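Just one chain is shown here, as structure tokens, and it is the form predicted alone.
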């Protein structure tokens, strides 16, 4: 099934069920108001949502059909918040060692031996995720604005000390993410030994999150052993820059990433875990973050030639299934100056005040 969250003026939005082809949606109000409620009581609530999803797909396939989904409406990604607008945890990672190897080589550093046996992970900001079509405000282009296109999962409860198999059983939903990075702030933060705070300010997610059964259960299914074997598509200012295969070169699958987290803590339902930028050794497949492209240029030419993002730049991140249809919908965002967002807020407040007078 496919789930999204519509904007309603609140912090957590309204849960909607979305048809498989992403054409229609239906409010889940009679079942649950927010996705976190579903994650908290998954075994009881998700079957009810599945029934609504099945009915919605019948309406999508045969518009004349009636039933539970008689109040279906056209699905609009512009109305979406992140599927889980705020979460208890967002743990990012670098699950693709090729990405780490390129960045280390470009910096003249050797790849640490444990990078291939122990995943690198960090705790990201999770209290205010960006919607899939929301603008991304930044204070300055001089901060080195970069994207990180990746696969992410949302978990149920996962116990302390969980094995990779137990961790995989704890995955409830899959989606795509864009982690905003401010590369020129990152080196200073890493030098402190404390990790990222200012340099990874916000993450955005696709319009819909998808249950694992949508990928099938055969030996050659797209979802297989904790990896999503589909192509991640990245377009920057309308130009194709990445067509990276997400599955084959993912060094640590999601079960291993979650197990790493659970070495010293249990996870509560509503934890998000990201793969980090999808990366392939075949450079012709492009890139899922600008830093990797710049690293390749540095290795080949001695210095980078690709600039980071500027105000007005646009980004589109999407993944299509083997049938050619969009699986999660697309992240489509524009980089904007912080001042424009503040100006818009003032204008909105003035309009609201004028309307009430």
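Numbering follows the first chain given and starts at 1. In this text the structure is predicted, and so the values were computed from the model without any measurement.
One more form of this protein should be noted, the form predicted in complex with another copy of the chain, which is absent from this view; the next part is about it.
Proximity to another copy of the chain in the predicted bound form, taken as heavy atoms within 4.5 Å, picks out 198-206 from the listed stretches 282-290, 216-224, 237-245, 198-206. Every residue in the set 123, 194 and 268 has a non-hydrogen atom no more than 4.5 Å from another copy of the chain in the predicted bound form. Residue 212 falls outside the set of residues with a heavy atom inside 4.5 Å of another copy of the chain in the predicted bound form. The closest non-hydrogen atom of residue 127 lies within 4.5 Å of another copy of the chain in the predicted bound form. Within 4.5 Å of any heavy atom of another copy of the chain in the predicted bound form lies no heavy atom of residue 115. Among heavy atoms of residue 51, none comes within 4.5 Å of another copy of the chain in the predicted bound form. Screening 145, 261, 171, 250 for any heavy atom within 4.5 Å of another copy of the chain in the predicted bound form leaves a single hit, 261. A single residue from the set 133, 106, 111, 185 has any heavy atom within 4.5 angstroms of another copy of the chain in the predicted bound form; that residue is 185.
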